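Before any questions on binding or motion, here is one chain by itself as structure tokens, the form predicted alone.
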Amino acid sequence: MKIYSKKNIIPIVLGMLCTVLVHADRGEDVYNNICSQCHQLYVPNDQLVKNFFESNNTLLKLKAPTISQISYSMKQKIGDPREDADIQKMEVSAFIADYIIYPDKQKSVLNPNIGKHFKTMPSLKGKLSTEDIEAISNFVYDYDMKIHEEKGVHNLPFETALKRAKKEDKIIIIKATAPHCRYCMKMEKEVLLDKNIVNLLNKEFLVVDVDLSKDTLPLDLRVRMTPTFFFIFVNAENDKVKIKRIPGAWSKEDFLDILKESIAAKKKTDS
């Protein structure tokens, strides 16, 4: 058995990090050079809904599904989202590699009402190396998460949110979620990336995301279903908190109303 010291572990870790970064850059290069001819990276979900379900793809006239659509759909249809994330990533990568070489509409993971608007992509056999296929597979798999990081609300640890809530006079929202909860994913995709909701959350709230498969809720909170949203109103003078529980998934309009009602309730309490 080989024994590693700090001296020889550091180069190994740096080497692994460089490999990840190289694959990320290579995946983006493959997208830009080949995939971007047909696939856009991201279109907001409300525009996609109007385009496919109201306008028969005449609004956006997309040649192919967006990378974010593909990423999200594969995570729902390939493998088991309740299992280890690395295992699912390998399963998704294997699916992408197979589809790139042997495209077949019967394999599609898209909603049939969306997929019907697109022709089967041509095979890229001989056009991509094994390394290129691995890189673009990782790029596509990770893109859905990248969109959430770029366009969503930054999540905080609870203790950090608690300190900031006292200082900034904001409301804490604790999201209780689970990786296998399709309603949690629906909220993330359709509601919590909405520009109006993101702007209001950034202005008036501090968000704590608790994955119940990994962590426990603070303040001895309990849930019977996911997602559940806890609105925490902090009294900066005596550290007492008031808690409002809102279970379930909501439409953009309803969730925006919930946020506005919480802001109004806080102002009434403060006055």
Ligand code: HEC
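All residue numbers are counted from 1 along the displayed sequence. If you're wondering where the values come from, they're calculated on a predicted model, not measured in any experiment.
The same protein has a further form, the form predicted in complex with the named molecule, not shown here; the description that follows concerns it.
- Within 4.5 Å of any heavy atom of the named molecule in the model of the complex lies no heavy atom of Gln76.
- Taking non-hydrogen atoms only, Arg26 never approaches the named molecule to within 4.5 angstroms in the model of the complex.
- When the named molecule is considered in the model of the complex, Lys244 lies well away from it, no heavy atom lying within 4.5 Å.
- In the model of the complex, the named molecule lies within 4.5 Å of some heavy atom of Ser108.
- A heavy atom within 4.5 Å of the named molecule in the model of the complex is found for exactly one of Leu192, Ile171, Ile96, Ile174: Ile96.
- This chain lacks the partner; the member of Arg182, Lys125, His154, Lys119 within 4.5 angstroms of the named molecule in the model of the complex by a non-hydrogen atom is Lys119.
- None of 53-61, 204-212, 231-239, 29-37 except one has non-hydrogen atoms within 4.5 angstroms of the named molecule in the model of the complex; the exception is 29-37.
- Residues of 41-58 are not found to place any heavy atom within 4.5 Å of the named molecule in the model of the complex.
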